[in-house]
Ligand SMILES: NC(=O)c1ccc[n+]([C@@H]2O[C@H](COP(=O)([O-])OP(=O)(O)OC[C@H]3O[C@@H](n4cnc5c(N)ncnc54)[C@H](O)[C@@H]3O)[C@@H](O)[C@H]2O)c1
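Okay, so here's just one chain, in structure tokens, the form predicted on its own.
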Amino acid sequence: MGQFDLTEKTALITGSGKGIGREIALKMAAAGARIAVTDISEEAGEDACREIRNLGREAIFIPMNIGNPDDVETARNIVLNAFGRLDIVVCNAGITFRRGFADLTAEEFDKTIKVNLTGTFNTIKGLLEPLIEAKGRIVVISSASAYTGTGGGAHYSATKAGQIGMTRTLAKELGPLGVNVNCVAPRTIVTEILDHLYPPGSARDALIEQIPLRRIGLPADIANATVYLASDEAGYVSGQTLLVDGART
């Protein structure tokens, strides 16, 4: 990562078995951090750990469902036993699906809230004590959907807007304790979901035309922004939402 040095730092990233979360874990490892990979998929999580160890960095996998506070408490204990400290928490795990408001059920809405918003609350709440002790960093992976209303429907954009509001409040409350809290808000990023919705061809080309930088974002673009916000170079940045979208929004 060049100038961004996370040596001697310990980072926990939720939903880091694959996709954007995995890329964040790899970038932070490359910057020198010890990594706690958490995911609901043991196979994906262990595979991510192997890739991190191939970089010569320390990594452990912890199965964690962010909707369950007990899982978060267990993860905290495992991280502290393994590494002795926790400096960085990245709240990346989340879900979405396409559903128009007229067809959206209360159960579907509640499930999305439980994972995306309550899960973020559970993660930060359960890991806050060691973060305060370390004067650490919290980075929430929100979404441009908070502004655009996209991302699958009202259930998703509402949770992403909620994450930004939570970030602002936490930045004010935790700032005096030495903890920085920020959001990264991706929009169109190359993932398995994007490949399904916009396969290469005319639909993909039309999408690219909507992006002033004329390319779709990569997981690495989000990871680079996240590493910056976790680094000492962002020491005076808190309560902010960094929109990473190629100027599309």
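Because the structure is predicted, anything quoted here is derived from the model rather than measured. A residue's number is simply how far along the shown sequence it sits, counting from 1.
In what follows, reference is made to the form predicted in complex with the named molecule, a form of this protein that is not presented.
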Query - 4.5 Å heavy atom contact with the named molecule in the predicted bound form for all of A36, T118 and I164 - result: no
Query raised in the report: Taking the shortest heavy atom distance, is F83 within 4.5 Å of the named molecule in the predicted bound form?
Result: no
Query raised in the report: Does the 4.5 Å heavy atom contact test between V179 and the named molecule in the predicted bound form come out positive?
Result: no
Requested in this report: Answer with yes or no whether N224 is in contact with the named molecule in the predicted bound form, where contact means some heavy atom within 4.5 Å.
Outcome: no
Query raised in the report: So in the predicted bound form, does R57 come within 4.5 Å of the named molecule, heavy atom to heavy atom?
Result: no
Report summary line: Given 129-137, 153-161, 97-105, 73-81, the stretch touching the named molecule in the predicted bound form at heavy atoms within 4.5 Å is 153-161
Query raised in the report: Across 37-52, which residues bring a heavy atom to within 4.5 Å of the named molecule in the predicted bound form?
Result: D39, I40, S41
